[in-house]
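Only one chain is shown below, in structure tokens, and it's the form predicted on its own.
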Amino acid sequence: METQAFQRIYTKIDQLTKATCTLRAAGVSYEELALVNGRLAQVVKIIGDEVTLQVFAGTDGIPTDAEVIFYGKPPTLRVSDELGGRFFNAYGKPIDGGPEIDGEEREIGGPSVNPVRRRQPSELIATGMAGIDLNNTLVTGQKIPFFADPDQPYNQVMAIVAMRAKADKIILGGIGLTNDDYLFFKQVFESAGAMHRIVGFINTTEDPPVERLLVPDMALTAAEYYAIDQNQKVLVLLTDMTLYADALSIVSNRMDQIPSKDSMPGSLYSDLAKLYEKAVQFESGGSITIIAVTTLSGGDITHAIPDNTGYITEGQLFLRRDTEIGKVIVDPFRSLSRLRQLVIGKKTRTDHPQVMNAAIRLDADAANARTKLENGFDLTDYDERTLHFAREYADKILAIDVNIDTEEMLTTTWELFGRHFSKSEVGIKQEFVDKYWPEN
């Protein structure tokens, strides 16, 4: 980072904790960047002239007479068309061996879009993943998380969504990625010939955890450039937001703030909301859609991180391993896209809502049959047929490796109906049954 003649330099630190230092300084603003003994830091608290800085790499070895240099500005990102196909660290510096970006410098972490400029989302985002497109259709300008156990292949799912989604730009915010995951994303994008529409901001497990706090803001600043300046449809992928929240917790705990539920800071809701509320559909046609991953601790959906996330976002997508078919599926019962009704049957085939509802109802009947079986009750012929249907439904529709368009998803589901049930058992409007029921 360049040094400038007007930077303010101090050499007396009053207090040091593991992650922060406190000193007296004048004319300093909140979120301003500084160097503390050569390490990058950011202003996180100001009381009068007492300023607390969060040192990203930690304070080990920093003396009380260390040099503190304030930069006079918060973190920024240079934006231009040169961002396409590039990977950067949490500070917006290239990590792919390419040159620095030449473009307009913009502050990260600005306010979300004025509601007056927002338009109700109405454009379908097709992912090719039937468990999403059939049952939990996504809409441009939506914000929705994947809830997944840490051992599930959520990063592979994110990569699949990125490759199949009809978006002009994909912005990847990698928060605490392993090097293997980082290389996996790069290889997937390169082998698909899609690098020109990818921009990545990556914090790996080898980087200081506190740097993770910058990654989502960097990603969303790049997204705003493409959505507002270029009128493009932008898909932002953030993985893993649990590690982002853990970094918030590290900072607040080291600043001796009283923790809230599950050791999280009391500001968790607003910290998450200021990111997710950047999702928007603009009148001009540009949009920002946010799909994030929130890993669950022991499958606990009541933990503060998924709990707060659920209040902010417009639904959730649950990943679950289906033991009967041995594949990871998008769980039809725990997943929900709250905006799907804006596009299903309108931007998709008119039978879509009825097919979706019938399939989930029949799958629920299969779950009931499974419970009867486990408790030693005899199964009816209908119960047996629902179990056969559920197995095929999971394999041909819900599994994350299914890659078909919405038309084919609907046709496949009709074929499953015809194979296992009578027309009356499916309970779909007669006009659709007459038109789509498969001929045996």
Partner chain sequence: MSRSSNFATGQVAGIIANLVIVRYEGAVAQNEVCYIQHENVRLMAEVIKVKGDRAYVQVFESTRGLRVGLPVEFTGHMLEATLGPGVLSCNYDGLMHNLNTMTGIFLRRGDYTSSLSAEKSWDFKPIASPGEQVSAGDWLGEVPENAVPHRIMVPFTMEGKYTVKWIAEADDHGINDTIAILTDANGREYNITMVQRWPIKRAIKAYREKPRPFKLLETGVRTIDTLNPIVEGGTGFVPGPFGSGKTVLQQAMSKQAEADVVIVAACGERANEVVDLFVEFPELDDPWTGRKLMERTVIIANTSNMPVAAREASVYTAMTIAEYYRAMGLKVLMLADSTSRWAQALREMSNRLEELPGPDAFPMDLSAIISNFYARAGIVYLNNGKTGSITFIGTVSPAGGNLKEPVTESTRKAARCFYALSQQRADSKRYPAIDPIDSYSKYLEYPELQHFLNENIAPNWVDQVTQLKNILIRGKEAAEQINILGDDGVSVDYHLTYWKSEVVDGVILQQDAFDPVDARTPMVRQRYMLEKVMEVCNSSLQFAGYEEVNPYFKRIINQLRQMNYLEFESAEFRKNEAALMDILAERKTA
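Residue numbers count along the first chain shown, from 1. Since the model is a prediction, treat every value here as computed from it, not as a measurement.
One more form of this protein exists, namely the form predicted together with the partner chain; it is left out here, but the text below deals with it.
- Although the partner is absent from this view, residue 294 stays clear of the partner chain in the model of the complex, with no non-hydrogen atom inside 4.5 angstroms.
- Proximity of residue 118 to the partner chain in the model of the complex: non-hydrogen atoms within 4.5 Å are present.
- The closest heavy atom approach of residue 339 to the partner chain in the model of the complex falls within 4.5 Å.
- In the model of the complex, the partner chain sits within 4.5 Å of a heavy atom belonging to residue 425.
- Remark: all three candidate residues (48, 316 and 334) come within 4.5 Å of the partner chain in the model of the complex, counting heavy atoms only.
- Looking at 33-41, 399-407, 372-380, 57-65, the stretch with residues near the partner chain in the model of the complex, meaning non-hydrogen atoms within 4.5 angstroms, turns out to be 372-380.
- When the partner chain is considered in the model of the complex, only one residue from 113, 248, 325, 165 comes within 4.5 Å through any heavy atom, namely 113.
- Note on the partner interface in the model of the complex: the residue among 419, 18, 12, 429 having a heavy atom within 4.5 angstroms of the partner chain is 429.
- Contacts to the partner chain in the model of the complex (heavy atom within 4.5 Å) from stretch 303-323: 306, 307, 308, 310, 311, 312, 313, 314, 316.
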